[in-house]
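Read the single chain below, which is given as structure tokens and is the form predicted on its own.
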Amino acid sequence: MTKQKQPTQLLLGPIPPALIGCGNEKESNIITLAWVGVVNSSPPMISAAVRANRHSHDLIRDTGEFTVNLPNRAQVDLADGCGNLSGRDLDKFEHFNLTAAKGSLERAPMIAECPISMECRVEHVLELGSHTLFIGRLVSSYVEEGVLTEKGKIDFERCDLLGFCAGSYLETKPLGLSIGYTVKERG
């Protein structure tokens, strides 16, 4: 193994790219972020790291709301486009022919075409240097019916979620194993 002299990239991955919905009374926007994750289980909280110069940054800061929408592999162009086009220049919902779905939040829309969407209210804001970390409490979760099993659990193979690592999108395939499977197997 070769050690990097000056680490130039974070090597944690794959991680799910997320389409973050945000907005105010005048506009709705979507930003693609790879730096999104679970930070607490009780109460459930999700973090989203956003650069201050991004259009969505102030929308989230001003309203205290955001949604986390997980795209599938068929939506790779959507994820890439929402990350590279600015909401200052165009309406991404209109441009990508998406449906802004309303849930329990006042302003931040979900994306109806994504298999999994979660609504968050900002509880903490941390200025970290290159990014602002918004930590939101999970308010509601929505799952497309077609990805649920007969028992009402999410079948991640049906979701066919997109992954991201070191600047590239990847496909992810669930192994179908539960936490602790090695201990259970060994008995």
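The numbering used is simple: start at 1 and walk along the sequence shown. It should be emphasised that the depicted structure is a prediction, and the values quoted were computed from it without experimental measurement.
From this point on, the text means the form predicted in complex with a small molecule, which you will not see here.
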Contact of Cys120 with the small molecule in the predicted bound form (heavy atom, 4.5 Å) = no
task = Using a 4.5 Å heavy atom cut-off, state whether Asp80 contacts the small molecule in the predicted bound form.
result = yes
query = Do Arg137 and the small molecule share at least one heavy atom pair within 4.5 Å in the predicted bound form?
reply = no
query = Can Arg51 be called a contact residue for the small molecule in the predicted bound form at 4.5 Å between heavy atoms?
reply = yes
key: Contact stretch among 28 to 36, 65 to 73, 152 to 160, 139 to 147 - heavy atom within 4.5 Å of the small molecule in the predicted bound form   = 28 to 36
